[in-house]
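In structure tokens, one chain follows: the form predicted on its own.
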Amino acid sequence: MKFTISKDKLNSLVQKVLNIVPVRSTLPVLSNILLEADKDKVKMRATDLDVAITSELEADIKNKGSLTVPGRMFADLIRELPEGDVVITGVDKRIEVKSERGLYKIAGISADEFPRFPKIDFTDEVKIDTDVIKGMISKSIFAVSRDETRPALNGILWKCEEGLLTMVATNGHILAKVEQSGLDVKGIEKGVIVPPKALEYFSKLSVDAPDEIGLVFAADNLVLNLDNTILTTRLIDGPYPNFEQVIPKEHSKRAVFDKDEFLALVRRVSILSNNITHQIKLVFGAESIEAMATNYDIGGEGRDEIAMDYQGEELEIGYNANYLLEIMKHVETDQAVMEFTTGTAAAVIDSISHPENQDYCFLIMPLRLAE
């Protein structure tokens, strides 16, 4: 294997795949990046066995071949090389990196020991606007559970029926549901659960992604095709809980308020909340929301309020301030809406309006207020 490529292009390629390389692994080869030179392109691959990435760029290929090299060491070296062309040569099980004046040699592992990537059938690929998918992921991924005893909640449910793509995530305390109409994603009519790691990385890559990306759902994989970069992730075994039954269908109380004022209110008062529960109490009155917090450990308490438009009887509710703040960050309009029935039932938080063809809402469970 031998090819020539500019330092900038090589560094860009390495950085794209590096985040998938596990920091620690029982299999040494997983700490490596697979380099492949073929025809007029150099291709790099990395995997942690759950997520895999392939990215490629044009290069001056002298000899075809492949070899794996230690990912982080190789990345550090390429980043520090001077500007100009770099010549990469594979000799036996060693990579030689030659810059204008320097020569570096790194021991590698045979490409035969690198895990095989699943073959992808792009027959059923669906092209979707990159910003649409990125936005749906952003509005749902924050609610994914980190509790490994409930693996189905460790991912986002993707479901598409009659052209309506739905994403749902919940950790049992909050829930996010996002819907986009006018899409036809095949193979997920019954729903699949997508782990967040690949989606988080896709959001980073999407800065330089084409206007549309390709989606392919296989038996147990999701493929995201960004032209020169392909992300593949395993799906999580279900079933996903019936989320529809926990979303209230009717509400007797409704509050409309300025999102930024509410965010500032919760941030201020939560400074004096309990360090473990982060509980604050909200009192919904005729014309204002009053927020209160008490921290007996430090002998502190806080109380503040903002104006609002409220319909319903006065109500006191306790919430985890961190969950409230996280949800409100994803409300896209200047005004937010909160709807609920009692102080012990889930509340629905929403924007005052939604983008065309999209609908979303967030659910938050209350905390029991001390008598």
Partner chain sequence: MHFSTGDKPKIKVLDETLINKIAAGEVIERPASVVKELVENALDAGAENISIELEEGGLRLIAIHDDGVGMLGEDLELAFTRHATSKLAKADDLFNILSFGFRGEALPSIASVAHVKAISRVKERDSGSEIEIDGGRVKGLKATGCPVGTSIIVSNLFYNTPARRKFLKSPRSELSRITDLVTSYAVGNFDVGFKISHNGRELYNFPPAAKLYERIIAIYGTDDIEKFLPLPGTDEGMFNQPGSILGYITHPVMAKSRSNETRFFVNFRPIMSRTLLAALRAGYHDKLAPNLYPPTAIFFNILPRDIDVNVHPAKTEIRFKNESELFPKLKRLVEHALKSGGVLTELSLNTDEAKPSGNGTQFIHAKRGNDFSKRTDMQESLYKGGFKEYGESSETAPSRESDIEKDGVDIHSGIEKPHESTEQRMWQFMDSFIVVPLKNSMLFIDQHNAHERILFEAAMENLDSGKGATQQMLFPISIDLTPGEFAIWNEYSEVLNRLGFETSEFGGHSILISGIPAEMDDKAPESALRRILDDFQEGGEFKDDPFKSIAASFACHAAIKAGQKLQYEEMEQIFNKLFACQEFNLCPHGRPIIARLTSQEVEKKFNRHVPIRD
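Residue numbers count along the first chain shown, from 1. A quick note: this is a predicted structure, and the numbers were derived from the prediction, not measured.
The form predicted together with its partner chain exists for this protein as well; it is not shown, and the discussion that follows is about that form.
Within this chain, Arg234 lines the site of its partner chain in the predicted complex, having a heavy atom no more than 4.5 Å away. Using a 4.5 Å cutoff between non-hydrogen atoms, Asn63 does not count as a contact of its partner chain in the predicted complex. Though the partner is left out of this view, Phe142 does reach within 4.5 Å of its partner chain in the predicted complex, counting heavy atoms only. Shown alone here, Ile306 lies farther than 4.5 Å from its partner chain in the predicted complex, counting heavy atoms only. Taking Gly163, Gly84, Pro118, Gly300 one by one, only a single residue has any non-hydrogen atom within 4.5 Å of its partner chain in the predicted complex, and it is Pro118. Only one of Val207, Ile276, Ala286, Leu103 lies close to its partner chain in the predicted complex, with a heavy atom inside 4.5 Å, and it is Ile276. With the partner omitted here, the stretch from 35-43, 339-347, 65-73, 307-315 that lies within 4.5 Å of its partner chain by heavy atoms in the predicted complex is 339-347. Against its partner chain in the predicted complex, the set Ala59, Asn225 and Pro355 makes no contact: no member has a heavy atom within 4.5 Å. In the predicted complex, its partner chain lies within 4.5 angstroms of at least one heavy atom of each of the following residues of 162-194: Thr170, Asn171, Gly172, His173, Ile174, Leu175, in sequence order.
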